[in-house]
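The form predicted on its own is given below as one chain in structure tokens.
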Amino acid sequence: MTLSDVTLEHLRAVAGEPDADGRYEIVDEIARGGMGTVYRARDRELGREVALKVSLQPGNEAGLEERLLREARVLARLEHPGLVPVHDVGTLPDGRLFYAMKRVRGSRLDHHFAAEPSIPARLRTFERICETVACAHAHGVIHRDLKPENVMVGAFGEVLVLDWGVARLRDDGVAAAPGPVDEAPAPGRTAHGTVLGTPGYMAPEQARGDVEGTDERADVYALGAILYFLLTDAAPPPDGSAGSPRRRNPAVPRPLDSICTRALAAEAGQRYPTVQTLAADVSAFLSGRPVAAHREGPIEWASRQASRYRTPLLLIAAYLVMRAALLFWPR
């Protein structure tokens, strides 16, 4: 007897479903990742819908459950509107670790802006991302895997930064013994030489596995890569050679190009020192003020002033035209 591919796929799906005969009732699968699967579930005790992130079946890979638990603890440590709150953590009857969090609805950043050409609208969302990351940094948490796929935009404009599974706590310490790239670190720590992140969005020091040299400025680099994506509608090159977004999209204003280029500097010391300083430059551009990363010439200065004070300049021009008309109107 042979089984069809459809039947085999169904059996695999059924076998992979968690045993949740307890507080949570599994409704359906939302997403699947390297550490586990996220399900839409119903909390029987409180009568609400939640998202349940469940680890892979026991024995799939050493250290995954520790990373999942660590992610839950990182989220519980942070409180911000841009972060998904954790409600519960525990072990399912089948032995798999889980944590329950708020069920959020929305679309990924790259999907959300597919039909939104407005640069100001994109930059305002980018500012919200920066606010969330800055809050994490203030609590000693470095995300290390910021990318459009890990940002969700809700139906009412709310912005959520997701997937803190490879986040590093500043007070975690680093394993003393060096190991090869991708070697599994001890639970709760990241070994020297371990590369965690996404090509194109990883800072050079992070891509080298330099854990000790990877600090908040690695997230600044990743935010610069997200800004590059928002300005060009293209992912940064995986080899880290993104550079100036104007090379790909000449319509990008020069001040924005300078902001993005500084955030993407290969040397950490040449980037913005904090996420707040990066966000401040973006805010300055939006409000028509000078941008710290950009040295403007006289023509750019005049153009910026004209744009910033457009309404009063138009009123003055209209007044002068009326005065001239009254003076020279034939009597």
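Since this is a predicted model, take the numbers as computed values, not measurements. From 1 onward, residues are counted along the sequence shown.
The next section is about a form of this same protein that is not shown, the form predicted in complex with a small molecule.
- The chain is drawn here without the small molecule; in the predicted bound form, the stretch among 264 to 272, 41 to 49, 26 to 34, 288 to 296 whose residues come within 4.5 Å of it by any heavy atom is 26 to 34.
- Listed residues L78, A72, M152, V252 were compared with the small molecule in the predicted bound form; M152 is the one with a heavy atom within 4.5 Å.
- Proximity to the small molecule in the predicted bound form, taken as a non-hydrogen atom within 4.5 angstroms, holds for one residue of V104, V89, A234, A138, which is V104.
- Proximity of V84 to the small molecule in the predicted bound form: non-hydrogen atoms within 4.5 Å are present.
- Proximity of K147 to the small molecule in the predicted bound form: non-hydrogen atoms within 4.5 Å are present.
- For the chain shown alone, R248 is not a contact residue for the small molecule in the predicted bound form, no non-hydrogen atom being within 4.5 angstroms.
- Although the partner is absent here, A134 lies well away from the small molecule in the predicted bound form, with no heavy atom inside 4.5 Å.
- Taken together, the three residues K53, R67 and L162 all come within 4.5 Å of the small molecule in the predicted bound form, as judged by their closest heavy atom.
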